[in-house]
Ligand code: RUB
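A single chain comes next, written as structure tokens; it is the form predicted on its own.
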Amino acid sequence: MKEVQETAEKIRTMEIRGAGRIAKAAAEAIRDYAAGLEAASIEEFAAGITEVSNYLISTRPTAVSLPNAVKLSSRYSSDNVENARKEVINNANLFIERADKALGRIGKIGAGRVQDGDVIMTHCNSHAALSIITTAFEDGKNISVIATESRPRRQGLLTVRHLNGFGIPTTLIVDSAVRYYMKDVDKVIVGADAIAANGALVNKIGTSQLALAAHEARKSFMVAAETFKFSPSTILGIPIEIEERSSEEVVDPSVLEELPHVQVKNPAFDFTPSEYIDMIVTDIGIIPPAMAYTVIKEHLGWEFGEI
């Protein structure tokens, strides 16, 4: 349980960040816990897996990849402890393998929509979005990137370092300059923390302003997302919770002590309506937002009783 708690804390504090990386870390934690769980009965085994699953899921409420990874990894059908253990370990390993392959597939599929000479704007630090950009560059396309700083955690710095390592010309801008620079952009490519059944996107705070500016400027807005980022619970009308993070990420607590009438809001994510999204690039192909329901039902394999 100690290792699980360490992983959960790294997810909660954003030492492990990004929906895909969070999902893989959770699957690895479930696998390793199951491998070492001493249980005298299947009921005891089930109780242990359930406890750890709920503990991991509680760390980041918005990242749908987290409960999807936990539920897909922790499934078993056997009433024998050792067989159930093997099922969980195999399911977790299969999830991790598919997650690794998904990024490559998204990169290859999405790069086909990038044209030679494109200027691409991106937001935050999405491995899926970056896979498209770097794959297009390695295919020989002469592209450049405008990356947002992505306050308050400044994940944009991670993005520009990554792109710089590939030799891709990149410009870092402050978040509030998105509309100003949209005139210079050919397409916007962002990642996803969650996609609802109606095709709406939940992603890093500020994503919706990129989508709105792109829509106004008639620029293509692409979302890069693995299938495990689609949200089954939204089929039943359960809303995706937006995580509100500490004000300390925005301003030093000592400053607020001098301002008793001031409060700080720090939502980590926002919603982008499906009508602002031109396409979603997934590991199963490019889909319109309206196909989100199909992905949830056919590729995540959820039944209503499991949600």
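Numbering starts at 1 and runs along the sequence shown. The shown structure was predicted, so the numbers you read here are calculated from the model rather than taken from an experiment.
Note that the form predicted together with the named molecule isn't included here; everything after this is about it.
Backbone and C-beta atoms of the displayed form are kept clear of the named molecule by more than 2.4 Å after its pose in the predicted bound form is superimposed, which defines the site as open.
Among heavy atoms of residue 17, some come within 4.5 Å of the named molecule in the predicted bound form.
When contacts are judged by a 4.5 Å heavy atom cut-off, residue 210 does not count as touching the named molecule in the predicted bound form. Residue contact with the named molecule in the predicted bound form: residue 127 places a heavy atom within 4.5 Å of it. Using a 4.5 Å cutoff between non-hydrogen atoms, residue 33 does not count as a contact of the named molecule in the predicted bound form. Here the chain stands alone, but in the predicted bound form its contact with the named molecule, taken as any heavy atom within 4.5 Å, falls in 117 to 125 among 233 to 241, 68 to 76, 214 to 222, 117 to 125. Interface residues of 174 to 194, taken as those with a heavy atom within 4.5 Å of the named molecule in the predicted bound form (partner not displayed): 191, 192, 193, in sequence order.
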